[in-house]
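Consider the single chain below, provided in structure tokens and representing the form predicted on its own.
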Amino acid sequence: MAQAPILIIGNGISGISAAREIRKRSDQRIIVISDETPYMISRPALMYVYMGHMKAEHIEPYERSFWDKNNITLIHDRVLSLDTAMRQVTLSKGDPLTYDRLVLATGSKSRRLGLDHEDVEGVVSLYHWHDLQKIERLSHAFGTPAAQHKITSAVITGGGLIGVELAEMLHTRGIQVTMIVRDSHFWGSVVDAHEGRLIQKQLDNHHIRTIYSSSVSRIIAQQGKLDGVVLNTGEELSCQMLGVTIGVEPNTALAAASGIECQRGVLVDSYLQTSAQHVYAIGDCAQLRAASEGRKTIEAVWYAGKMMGETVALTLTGNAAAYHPGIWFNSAKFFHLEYQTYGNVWPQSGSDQVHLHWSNNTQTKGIKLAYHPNTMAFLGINAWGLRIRQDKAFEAIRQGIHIQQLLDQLELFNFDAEFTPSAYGQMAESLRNQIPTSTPA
């Protein structure tokens, strides 16, 4: 009797990384199931399809012939239920499937406001391919001269990466955007006010209105269509689109319904195994029972999902490997402002971390360095409009080099040919002057 396949639910970066890595090490059958798209897409590129920079087929990282060549079966269907005792999943359209081992890579879902009328036409999120289709359909339906109710204004609630992506998308269609942000500055849960001003400069340059320390408290709808919103301050804003971009949460519905232990996410040990035998969870849906130092138990970022997929593949092919995420890093873009971060850089300084800031006169470039106030060890860096060498940043963080030593060699971090070493020298001097003279040697 043929061995049952390794079954992967979810064809995002986590699930497909697992499938590819398993195939490199094993001839066992692999089946990947997804109800979002038949083939993997690059989710961060969704905005570029909307803006016309790319076509839909351009955001598929692999040629469609790749899957047959590598004997990876793709099924475009929805998993209705999971029986961990029988090792079987039930599909919406196809026959039930039995598995040898199962990998849950079910990703995230957009958080909701929990308000009345949140399901009316005009309220959107931005995470899945289905979300992009909805936004495009609404824009196309209302965005033509002949349309009776042309979209002229949109409100976006949420001051983070998804919100600014949606703002940029709508801006390219000539739609006036107002962003409602709960914090006192943009992305307040991640960056401080100094850095918030750099993001604000981009929003101002693109005529994005921002309202801070506010939230949407009521959705106004007429005949099943969005008509506007009311803020917690009482201000009423007319709009034809409301973007709800207040974050994402792990998609745990399938796991929880099957009796697998979940909290915010699907709980996994260091080997990414769930509470059910032969079942693993990776990527956005997974929650580590114990996080590494300086890391979170849930990290919904592309590279963490990729690493989890590659790690679980080792275990599933007979080389058990614990998941070690290493030093935190991430990147993003706020209109024309690129952002990179390496290491643990908290939004605010405290007893275990202090910060140095520099920005240029036009607020188009900036840097933030974090170091320990007692040991003076370098902890991390945020770079704005500057490209930093990852290898140099990681090396300095691992070594915990003295902040003064770091400033002496700051120009070695430069990965931007247009930003000269002499400019780094001036930056380093400005940062050095911020270090208290009474700090330990």
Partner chain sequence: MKTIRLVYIVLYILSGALTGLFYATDESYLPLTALLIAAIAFVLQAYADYAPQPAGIVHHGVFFKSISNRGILGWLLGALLTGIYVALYWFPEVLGKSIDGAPNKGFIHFFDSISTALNGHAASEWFAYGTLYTYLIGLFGIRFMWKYRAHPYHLRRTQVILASQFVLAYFIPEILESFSQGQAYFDKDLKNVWPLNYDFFYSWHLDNMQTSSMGMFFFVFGLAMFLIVTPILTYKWGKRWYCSWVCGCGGLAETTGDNFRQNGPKGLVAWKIERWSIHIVLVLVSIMTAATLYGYFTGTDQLFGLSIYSHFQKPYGFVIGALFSGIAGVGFYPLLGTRIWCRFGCPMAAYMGIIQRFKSRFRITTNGGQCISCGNCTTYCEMGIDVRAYAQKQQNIVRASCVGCGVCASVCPRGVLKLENGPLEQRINEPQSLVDYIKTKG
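For clarity, every value in this text was computed on a predicted model and none was experimentally measured. Positions refer to the first chain, counted from 1.
Below: the form predicted in complex with its partner chain, not depicted.
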{"property": "One stretch from 108 to 116, 322 to 330, 184 to 192, 234 to 242 that, in the model of the complex, holds residues within 4.5 Å of its partner chain by heavy atom", "result": "322 to 330"}
{"property": "Thr157 within 4.5 Å of its partner chain in the model of the complex, heavy atoms", "result": "no"}
{"property": "Any non-hydrogen atom of Arg20 within 4.5 angstroms of its partner chain in the model of the complex", "result": "yes"}
{"property": "Contact test in the model of the complex: Arg173 vs its partner chain, heavy atoms, 4.5 Å", "result": "yes"}
{"property": "Contact test in the model of the complex: Ala377 vs its partner chain, heavy atoms, 4.5 Å", "result": "no"}
{"property": "Residue among Gln263, Asn205, Gln222, Ser81 with a heavy atom within 4.5 Å of its partner chain in the model of the complex", "result": "Asn205"}
{"property": "Stretch 77 to 93 - residues with a heavy atom within 4.5 Å of its partner chain in the model of the complex", "result": "none"}
